[in-house]
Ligand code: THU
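Quick setup: one chain, the form predicted alone, written in structure tokens, and binding and motion questions come after.
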């Protein structure tokens, strides 16, 4: 499956999964629940949510949580990442999440959904230009 074959129905399903995951987030400190859903090249979907910690730097973002679930589930190449935030406008993944998404899907498309009607759509290379990746270690 390529990112070009992402149907509107599949994208809406990923949006639903990301929003549902945000509802399970553990965000007692920021009160900013985030959910993420990933689609792999072979059609599998993985979800994650942010998990905060009283020691703030130990918190885990939703996107990295979803990547961890994907790795545990057998890995794969990410073709699409959907992020949901309960905000009036779409929020983009943080820098650390962009880097981790690049590791498993350097050409993935990132869809950012929110409570409002706007959806931000960005090819990952535009969010992380001149990215550092496995090819740099060869």
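Numbering follows the first chain given and starts at 1. Owing to the predicted nature of the structure, the values given are computational and were not obtained by experimental measurement.
Just so you know, the form predicted together with the ligand exists too; it's not on screen, but the next bit is about it.
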Residue 39 within 4.5 Å of the ligand in the predicted complex, heavy atoms: no
In the predicted complex, residue 107 touching the ligand (heavy atom, 4.5 Å): no
Partner contact for residue 82 in the predicted complex: the ligand, 4.5 angstroms, heavy atom: no
Heavy atom of residue 34 within 4.5 Å of the ligand in the predicted complex: yes
Interface stretch in the predicted complex with the ligand - options 74-82, 107-115, 93-101, 39-47, non-hydrogen atom within 4.5 Å: 93-101
Stretch 41-61: residues contacting the ligand in the predicted complex, 4.5 Å heavy atom cut-off: 50, 52, 61
